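Only one chain is shown below, in C-alpha cells, and it's the form predicted alone.
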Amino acid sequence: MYKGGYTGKILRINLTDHSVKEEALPFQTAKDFIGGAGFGIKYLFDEVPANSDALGPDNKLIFAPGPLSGTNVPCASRMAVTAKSPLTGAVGMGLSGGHFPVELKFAGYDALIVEGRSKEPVYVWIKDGEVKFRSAKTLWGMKTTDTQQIIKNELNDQNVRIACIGPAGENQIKIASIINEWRAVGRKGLGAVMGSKNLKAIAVRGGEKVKVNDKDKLKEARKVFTKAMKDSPVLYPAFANLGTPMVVDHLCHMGIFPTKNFLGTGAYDPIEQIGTAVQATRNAGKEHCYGCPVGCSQVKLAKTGEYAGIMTEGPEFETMYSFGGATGVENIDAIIAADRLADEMGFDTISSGVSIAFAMELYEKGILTKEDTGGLELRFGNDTAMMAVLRQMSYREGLGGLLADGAKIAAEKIGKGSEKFAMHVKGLELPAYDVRGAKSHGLNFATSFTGADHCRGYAFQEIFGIPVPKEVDRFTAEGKGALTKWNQDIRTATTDAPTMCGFLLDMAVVGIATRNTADLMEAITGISYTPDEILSVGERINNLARAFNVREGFTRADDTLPERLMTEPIPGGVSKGHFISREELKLMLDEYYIARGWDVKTGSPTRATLKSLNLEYAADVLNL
C-alpha cells in the first residue's frame, strides 16, 4: 500500500499485561495527518477516554516520527510525543530530535503507542520487530545519562538509542521531561506520564531502511530545500556556530527578553552577562541530530567556581532565559550547571526556571519567608539558592516540593494573591518572549492547544521581521487573528507532522514551505498534495487538538494571558510602555475564532468547520 516514507506499521505496547501488538497504519490516517504531531493527536483523541486521569493507566503515550524521518532530507530526525498532560489537563505534545526518532523508523514503525501500567519498573527493548520487557528495578532512581549508559552496556550495543526518564519522572513531577541522548521532550510533564506507567526507558535498534517512492523527484525537491537553507541570511554561519542562544542578544535588542519574572523586561538587560559573547567563552563543541548539516546544539563547559568542570549540551536559548533572565542569575556557569542538573534529573528547564523565578518574586514581596524556603535567600540573582531549589524539586523536598508541579499549582497552594505573579497559560509556564511587545506571538500563547508553548505557531514575522505572508507591526493587535491561525497551521503541517526541524521554517524555508513539503511528500511517499492541502493538514490537526481540549472542559475563558502582561507595561527598553490590554486580547481572539470558523462565544470548533476537515466524527463526540 505504501510506496515509501511509511513502514505501514504501528507498534502497540500494553504495560499492564506486557502484551505487544502490531497494527496496520490506516492509509486515510496517513493522508489526513501525515505523521508526528498528527498521528499523536489523532490517536490521543480517538483512544484516551474523556476526563481520564493523566497519570492513570488510561492515558496513552504516543511516540511518532514522520515520513521524512530516516530519509536523506536534512534536519528531519524529529518526533512528536503526545499524551494528555498532567500539568495542564489539555493536549500534551512535545517534540524532540537526536537519533531516537530515526531509529524507531529503522526498527520498522511509524508510531509507538504505550498504554496501561506495569506492576514493576521496566524498560522496553525494541529491535527489528522484536519487543522485550526487561526489569528496571536497578535503574529506578538513576539519572538519565547513567540510565542510558547502563542499558547500552546491558544490551551490549553502544549504538542503541534510548528515551528515558530521571527521578523527576519517576516521582511523577508534573514538569518532568523525557530525555533521549542529549535531547529532551521537555514540556507538559510527559516524563511524569512515563513514570506513572512504571516505564523507565525505551531502547530501540533497527536495521530497516526507509523506502523512497521516487529518488529523482526527491533529488529535485531536496535541491530546492537545501538551496533555501544556504540562502538564509542567518542559518549559516550564525545559527550553525551560535545555536539558539544567539536569540538572547536579538530579543534584548528588541526589548522583549523577559527578566526577573517579567518584572524587569527592558529595564534589566543581561546581555553583557549571559549574551553570545560570554557564551562563546564556554563553547566546547557541538552536537548534530541525525542527518542535520547545521549542528545548532552547542556543548558548553563551566569554568569557574563550584561549577567548574560541568559540561552540558546547551543551554539552549529558552534555558538561558529560564535559569538566567527569568531568575536574574548572571553567572553563566551556574546556568550551565542548572541545565545539566535538569537534564540528569529529567525535568523541563523552562517550567522549572520560571517556577523558581515566581518563587523569587514572592520571596522579595514577603509572601514567602525564610521559614518557607528553609533558610534560603531566594532573591533574584542568587544562583546558589536557585541550584538548591532545583535539586529539591526532583524529590519533592522542601520548597522544591511546592514548586515541583509548576507555578500555577504552587500559586493555588500558596494563595495570598500569588496567582497574579504566576506566569503561565493553561498551567504551562511562559517561554522566553515578553509578548507585550509581540502581539501575534502573545495570541499564539493564549490559543495554543498546549498552553504557552515556544514550539507552536511561532510569529517569525514579529520576532525576525520575515515578511511572509506579509510584513506586520509587532505592536499592533489588528489583523493578528488570521496571522496566528496561519502561523499555527503552517508550522504544524510543514514541521511537526512530516517531521522537520521548526528552526528551518523560521529562518530559511517559510517562503517555499507548503510547496516544498508537498514535493517532498510526493517524492518520498507517492501521496500527492497541493500546497493548500498541506496547509489543510495543519488546520485539521489543530482543530482535532482543540476538540480534545473542549471535550476536557476548556473554553474561551482559558485562552488568556497572565494578568501582568495585560495590565503592566514593559518597564524599559525599546518596547517600553507596551502591553496587551484585555480589549486588545478580546479583539485578537474574536478575529482568531472567526478565521478558524469556531464559535466566537465558546471558542469551540463548529460542526461545519469539523465536517469540512473530514472530522465530523469529532463533532459527534462533542455533541455539536
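Since the model is a prediction, treat every value here as computed from it, not as a measurement. Residues carry their position along the shown sequence, with the first being 1.
There is another form of the same protein, the form predicted in complex with a further copy of the same chain; it is not shown, and what comes next is about it.
Engineer: Let me know the one among 468, 131, 367, 311 whose heavy atoms come within 4.5 Å of a further copy of the same chain in the model of the complex, would you?
Structural biologist: Partner contact (heavy atom, 4.5 Å) among the options: 311.
Engineer: Which of these residues, 531, 401, 293, 285, gets a heavy atom within 4.5 Å of a further copy of the same chain in the model of the complex?
Structural biologist: Selected residue: 285.
Engineer: Within 4.5 Å, heavy atoms only, one stretch in 134-142, 421-429, 216-224, 367-375 touches a further copy of the same chain in the model of the complex. Which?
Structural biologist: The contacting stretch here is 134-142.
Engineer: Under a 4.5 Å heavy atom criterion, is residue 117 part of the interface with a further copy of the same chain in the model of the complex?
Structural biologist: Outside the cut-off, so no.
Engineer: Using a 4.5 Å heavy atom cut-off, state whether residue 380 contacts a further copy of the same chain in the model of the complex.
Structural biologist: Flag for residue 380 set to no.
Engineer: Could you confirm whether residue 384 comes within 4.5 Å of a further copy of the same chain in the model of the complex, counting heavy atoms only?
Structural biologist: No, no contact at 4.5 Å.
Engineer: Can you tell me whether residue 340 touches a further copy of the same chain? I mean in the model of the complex, with a 4.5 angstroms heavy atom cut-off.
Structural biologist: Residue 340: yes, in contact with a further copy of the same chain in the model of the complex.
Engineer: Going through 10-30, which residues have a heavy atom within 4.5 Å of a further copy of the same chain in the model of the complex? Please give them in sequence order.
Structural biologist: Residues within 4.5 Å: none.
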